[in-house]
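As a starting point, one isolated chain is supplied in structure tokens, in the form predicted on its own.
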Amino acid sequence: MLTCHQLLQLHPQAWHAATVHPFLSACKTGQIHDYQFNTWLVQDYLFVIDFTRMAGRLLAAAPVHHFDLILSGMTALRAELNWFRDKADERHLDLQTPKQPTCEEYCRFMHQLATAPYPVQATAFWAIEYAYNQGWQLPGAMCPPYDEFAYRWGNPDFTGYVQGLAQQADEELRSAPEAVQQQAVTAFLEVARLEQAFWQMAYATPT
């Protein structure tokens, strides 16, 4: 039987690359350049817009007893989008900036998941949230102003929410046919690849 924990055990290198990156290390030490962090911030706002749409599609496919957790996440996403706008205002950033190719690719992947079986969608949704939870936690305490970002995705409430998503995904994977489980593995690995590319995207932008 496939579980989220098994995915992490079977693919440690892919997951390490998704959650341990020089971008996050530089945030910890305060050595990240403003233009690099600002690039990530704007693109992540654009990503979260599409991730919110993914959450809506997940809800449409979910069994009723999964609604409460997914809806709690959608409520948090509403606050998160407003928070991103506040951070952009503080930094005088233009959120109407076009998506970079990596962001476009990630958003396209999330949109394509709409046709996947619910266990695959649930696994991918968990993996995306867990990547942020781990990515911002693993470096340890960060210096200001990046500590605010680390706390947003590394705080105990968010960690508990992600654990709940894993439990829901595991419940679905438990009874999924082998072919669907393989689709879930593929989706997990694609999330890991795209997460690594998303952190790296900040370094591809000129000053």
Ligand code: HMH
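Note that residue numbering follows the sequence shown and begins at 1. The structure displayed is predicted, hence computed values, not measured ones.
If you look for the form predicted in complex with the named molecule, you will not find it shown, but the lines that follow are about it.
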| request: Spell it out for me: taking the named molecule in the model of the complex, does every residue among F37, D89 and D147 have a heavy atom no farther than 4.5 Å from it? | output: no
In contact with the named molecule in the model of the complex (heavy atoms, 4.5 Å), from 174-182, 40-48, 26-34, 55-63, is stretch 40-48
query = Taking 4.5 angstroms as the cut-off for heavy atoms, does I128 touch the named molecule in the model of the complex?
reply = yes
### Query
Would W15 sit within 4.5 Å of the named molecule in the model of the complex, counting heavy atoms only?
no
Within 4.5 Å, heavy atoms only: does F198 come near the named molecule in the model of the complex? yes
Consider Y132 of the chain shown here, and say whether it contacts the named molecule in the model of the complex, taking contact as heavy atoms within 4.5 Å. yes
Within 87-107, the residues having any heavy atom within 4.5 Å of the named molecule in the model of the complex are Y106
